[in-house]
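To begin, one chain is listed below as structure tokens, in the form predicted on its own.
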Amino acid sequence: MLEIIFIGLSVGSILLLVALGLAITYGAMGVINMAHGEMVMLGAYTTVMAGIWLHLGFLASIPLAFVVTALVGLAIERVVVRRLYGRLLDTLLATWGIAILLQQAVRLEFGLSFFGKHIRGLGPGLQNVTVPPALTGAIMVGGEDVNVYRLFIIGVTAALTALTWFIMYRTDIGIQVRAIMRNPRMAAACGVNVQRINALTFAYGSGLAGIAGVMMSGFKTVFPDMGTSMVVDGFLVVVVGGVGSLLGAVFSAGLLGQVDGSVASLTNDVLARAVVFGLVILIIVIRPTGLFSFKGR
């Protein structure tokens, strides 16, 4: 029973890392970023490439993946998203196109495959990441074996969630982000540089997704389409928890992760997905604004 709980917590932790960025960016910017799942993919490939070309270990790839995906997210915001604020459908389609471009760039090795040149670690094939020996195996918790790597994922997610909370509620940037979430025009009138804060928010959310990719690469094979389903799962967490609510994202990720992990352990992954979607629909019907939405005035 304890092992099933930890499986659910580790699944929920991955969902939370993906959803935290979405909760902040969607809440502050009103942007549905369909390329967010590709940040997960880029984070995983950064781990693969860092091991092959830089000879960096798994742990060293975590900050590297954050920096790489944050820079990619910053570029996407400055070049594309910034020009489409207030046009929800346009941003959805544009970021979906970016997601396809990123997938194909990795699959085609940034076009070099057309010239007969190949980059180790890229391409349409499956890639694997080696987890440090210290993170393999299991330890006894409450008389049951618990996978060490799953505990590591939970620990990393808890630390990043605490960091995100600190940034949002104990720093000047966080105050400005929350002001933009409530009323961007009023925030701008009060002197907040909305474009700068939006860019930093987008980059930070992308960086968190990159770290989620690193965590996923430790127990799943890495391939170009791996992030496609993650953006859907991330938005499920955001919608259930309430747009812009960190507490809602944490609670929702834990709830959906536990349901998915428990049902998958007892039956299969397909039925688990069906149960999760059914639960999400039920919650949306009962509370359309999410479990922890902002109170209106």
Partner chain sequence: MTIQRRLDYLCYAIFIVAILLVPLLLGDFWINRMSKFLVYGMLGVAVSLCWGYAGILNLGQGLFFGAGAYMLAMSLKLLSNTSMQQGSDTPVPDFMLWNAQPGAPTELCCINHGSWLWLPFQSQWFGILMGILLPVTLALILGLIVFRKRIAGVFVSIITLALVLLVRLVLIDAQPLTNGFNGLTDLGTLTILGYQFDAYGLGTYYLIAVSLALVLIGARMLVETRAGLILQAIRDDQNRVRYLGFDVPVYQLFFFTVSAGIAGYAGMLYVVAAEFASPTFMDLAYSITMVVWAAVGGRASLLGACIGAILINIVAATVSETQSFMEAWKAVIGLVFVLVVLYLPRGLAGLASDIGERIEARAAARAATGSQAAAMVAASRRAP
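Because the structure is predicted, anything quoted here is derived from the model rather than measured. Residue numbers count along the first chain shown, from 1.
The next section is about a form of this same protein that is not shown, the form predicted together with the partner chain.
- Leu84 is the sole member of Val129, Ile197, Met168, Leu84 with a non-hydrogen atom within 4.5 Å of the partner chain in the predicted bound form.
- Of the residues Ala134, Leu108, Met186, Leu163, just one reaches the partner chain in the predicted bound form with a heavy atom at 4.5 Å or closer; this is Leu108.
- Per the 4.5 Å heavy atom criterion, the partner chain in the predicted bound form is contacted by stretch 98-106, the sole one of 98-106, 199-207, 213-221, 177-185.
- Using a 4.5 angstroms threshold between heavy atoms, Met140 stays clear of the partner chain in the predicted bound form.
- At the 4.5 Å threshold, heavy atoms of Leu59 stay clear of the partner chain in the predicted bound form, well away from it.
- Shown alone here, Tyr45 lies farther than 4.5 Å from the partner chain in the predicted bound form, counting heavy atoms only.
- By the criterion of a heavy atom within 4.5 Å, Ala94 is counted among the residues contacting the partner chain in the predicted bound form.
- For the partner-free chain shown, just Tyr26 of 6-29 comes within 4.5 angstroms of the partner chain in the predicted bound form, judged by any non-hydrogen atom.
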